[in-house]
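What follows is a single chain, given as structure tokens, in the form predicted on its own.
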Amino acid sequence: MPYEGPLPPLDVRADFWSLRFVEEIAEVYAVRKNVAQPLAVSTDRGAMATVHADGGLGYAATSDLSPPGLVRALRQALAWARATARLGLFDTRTLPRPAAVGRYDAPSAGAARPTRREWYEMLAAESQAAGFDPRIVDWEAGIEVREATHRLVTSAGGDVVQRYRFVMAGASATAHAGGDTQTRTLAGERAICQQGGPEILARFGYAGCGRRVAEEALELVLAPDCPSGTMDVLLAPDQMILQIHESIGHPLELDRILGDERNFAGTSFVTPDMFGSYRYGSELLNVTFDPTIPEELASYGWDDEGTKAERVHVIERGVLMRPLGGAVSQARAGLPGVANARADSWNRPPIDRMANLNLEPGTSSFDDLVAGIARGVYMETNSSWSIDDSRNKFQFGCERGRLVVDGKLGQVVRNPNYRGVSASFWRSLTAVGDAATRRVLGTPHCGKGEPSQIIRVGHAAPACVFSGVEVFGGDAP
């Protein structure tokens, strides 16, 4: 069935119904230790039917996109809606019935792109540059290109078509010397991920990254361990995105706050009464939900329930303003939310997910951030994370550190780690980098939900300074 063609007549007697079509085509390229890995190509195509009837809600997914297949899915969803109506937490007749009509096109969607040979040649060049020293024991360069078309049609007259192109690139090198092994990556595992085409790689200086990550891996394997103690921490954007993701993004998901994820992905230390008054961080903390930045990984025009995407503050001047909750969760909680009802595929229903969650830039240059630190560590690129089931107490590790002494960057150190509590860590934010320190990054692998969903999330952040942080090295207890 053509995604952008007319739908056949669908006679479904219900209060409301929608069909969400998804087609995604992915190609994954990699060169490891100068050996081209087999090309992985996949196509995923199907539709999710959602029906509101008698106050109930039902879903049914199908890969049969013929008119009879769609009708069967709608009727199955209708049967589930009627069967569960008396057991629901809310009456679906009170929910909005999206009727948006429009189109969203990501940068470069549908445009020409490099050939498969050209992708492999580019990766081979980075691989060959990385393996320049016998102490480099493993190295790899890889890229994933994903083309997607999503369409949402509703019984209220809604018809939204959204077309995407995602590029997710990475490179890594592992060094071994003196009984120690260290790995350095390019901003983390596929953290260089945006919507667009080859211009993304140019934006991040991908050419030449193989040699750079290998040199830094060698530097790390010969470096001393990070010292332990209470000190200032300057976090690079590729670590800030993890900090935002785990200790702001997940705790603010409204379905989690309402208890939906309690037995799987955990609950949240945030409670509904906190919105509008709770001091989440210092006055320098401004966080926006913003699916409108064209190149960011999770930008879109409408969420998977048909709610128009808009930029809003979830934290403003340190005060918690609103949760990350879609239309259904908003109705349940009686709280304003955002357009973040999202599903990772056609065979999953939308749930509350982060999209683009960004920390807004401040006014300090990178040199100013460093100059304001008497004793501390500059940490780059997440390597490990651990956080409790209420998304409060955490411990994070980074790939690379540099000591900061009397306002100057100094020696490189390995295994830099820090720990804290979300509820107080963000209040220790003492300086926020300006727009020149900001990077638009993300992750393609955010997991949540039952059944499990792995979704793309964007984060943009500047470098930031936190004071009085507990820091420790790899040998610390």
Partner chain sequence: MSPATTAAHDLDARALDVATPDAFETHFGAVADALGRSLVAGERFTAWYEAEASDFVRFNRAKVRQAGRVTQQSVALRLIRGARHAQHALALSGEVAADVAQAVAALAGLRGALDDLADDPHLLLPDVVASSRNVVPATLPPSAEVVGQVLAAADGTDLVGLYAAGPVVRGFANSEGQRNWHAVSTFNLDWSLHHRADKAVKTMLAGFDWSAEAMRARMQGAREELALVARDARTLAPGRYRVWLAPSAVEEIASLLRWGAFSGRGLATRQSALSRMLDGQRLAPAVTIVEDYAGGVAPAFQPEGFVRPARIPLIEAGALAGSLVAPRTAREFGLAANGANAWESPESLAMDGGTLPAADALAALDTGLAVGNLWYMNYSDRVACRMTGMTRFATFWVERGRVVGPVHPLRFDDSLYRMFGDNLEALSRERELMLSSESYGSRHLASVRLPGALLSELAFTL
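Positions refer to the first chain, counted from 1. Since the structure is predicted, the reported quantities are computational estimates derived from the model, not experimental observations.
What comes next is about the form predicted in complex with its partner chain, which is not displayed.
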Inset, instruction - Look at the candidate spot formed by 237, 442 and 456 and say whether its partner chain comes within 4.5 Å of a heavy atom in all three of them in the model of the complex. - result: no
Legend entry - Stretch in contact, per heavy atom within 4.5 angstroms of its partner chain in the model of the complex, of 229 to 237, 106 to 114, 401 to 409, 133 to 141: 133 to 141
Inset, instruction - Name the residue from 274, 258, 124, 223 that puts a heavy atom within 4.5 Å of its partner chain in the model of the complex. - result: 258
Inset, instruction - Would you kindly say which of 207, 374, 79, 99 lies with a heavy atom within 4.5 Å of its partner chain in the model of the complex? - result: 79
Legend entry - Touches its partner chain in the model of the complex: residue 427 (any heavy atom, 4.5 Å): no
Inset, instruction - Could you confirm whether residue 346 comes within 4.5 Å of its partner chain in the model of the complex, counting heavy atoms only? - result: yes
Inset, instruction - Determine whether any heavy atom of residue 120 comes within 4.5 Å of a heavy atom of its partner chain in the model of the complex, and answer yes or no. - result: yes
Inset, instruction - Using the partner position in the model of the complex, report whether residue 58 sits within 4.5 Å of its partner chain, counting heavy atoms only. - result: yes
Inset, instruction - Residue by residue through 78 to 97, tell me which have a non-hydrogen atom within 4.5 angstroms of its partner chain in the model of the complex. - result: 78, 79, 80, 82, 83, 84, 87, 88, 89, 90
